[in-house]
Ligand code: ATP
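Form predicted on its own, single chain, as structure tokens, below.
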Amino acid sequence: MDEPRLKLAIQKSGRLTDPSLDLLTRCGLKISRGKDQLMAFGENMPLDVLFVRDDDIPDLVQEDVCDLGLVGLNVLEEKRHELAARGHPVRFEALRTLDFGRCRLSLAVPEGQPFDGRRSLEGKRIATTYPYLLEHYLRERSIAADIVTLSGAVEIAPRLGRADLICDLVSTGSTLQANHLREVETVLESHAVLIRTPVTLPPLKNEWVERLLMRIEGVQQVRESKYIMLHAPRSALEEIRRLLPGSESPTIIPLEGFPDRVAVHAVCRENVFWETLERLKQAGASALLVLPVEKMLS
């Protein structure tokens, strides 16, 4: 009998597409996909990837069309509040917070327009593509404002006279600047999330979900990790341990023929900057070598 295959939904095109595919590649997945095909076949894992609109992903997972989904928290929370508003149960389950797709859903006003918190929102028209999230935000703060729901081009709504301010996704802020808008308040901090179906999976499928989660954990651990090797006098070990960024207890190896010196090997789970290396050298370290970490399992 053929092994049951997992179905994973990811964004067809957009800011999460390439990072999602990169994550799967780093997890060891090889996929076969023809040009413009909306499904890719996992060659070395029983996992197929569906390329869909991002706001369809929660529904596909909720309705058990797909076992897993990679989606932005902004989309997920919008769907959660929509389901709650319509009296429907929320049945998808968030499995992992992922370390990409970071952005924020923010309020922005035209440049030069003053903003004084709640008083500046009362009675105003706010354009957004996230009406349920925005409605929840306003209701929690007892703010009475009109929500203008748009399907796109939210940033030009104030110039067209359709809204007084906007609520939209912000990453670098360059789009706001180009449209003479100023970010004033954050509604939601967003990032990519892995979600799963509410349906109990058969044992073989569940085993692959657990293996995928373990690999994702390994990938995320090494994203900023570096392997540092150096030589140092024993007398400097305490200071060198203190300087190693985000490191657990390093490995100390005696150096043959140098009783007062050791080799230090450590995995640093934070970025290693030139300033860090300079401080290590000042503490007595020499022969410093910094290497990328490809895979790591705790």
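Keep in mind that this is a model prediction, so the values were computed, not measured. Residues carry their position along the shown sequence, with the first being 1.
What comes next is about the form predicted together with this ligand, which does not appear here.
Put simply, of 91, 211, 223, 102 only one has a heavy atom within 4.5 Å of this ligand in the model of the complex, and it is 102. Taking 113, 177, 149, 171 one by one, only a single residue has any non-hydrogen atom within 4.5 Å of this ligand in the model of the complex, and it is 171. For the candidate spot formed by 62, 198 and 201, no residue has a non-hydrogen atom within 4.5 angstroms of this ligand in the model of the complex. With the partner left out here, this ligand still marks one of 223 to 231, 72 to 80, 131 to 139, 156 to 164 in the model of the complex; by a 4.5 Å heavy atom cut-off that stretch is 72 to 80.
Taking the partner from the other structure, this ligand in the model of the complex has no heavy atom within 4.5 Å of any heavy atom of residue 9. In the model of the complex, this ligand lies within 4.5 Å of some heavy atom of residue 16.
In the model of the complex, at least one heavy atom of residue 55 sits within 4.5 Å of this ligand.
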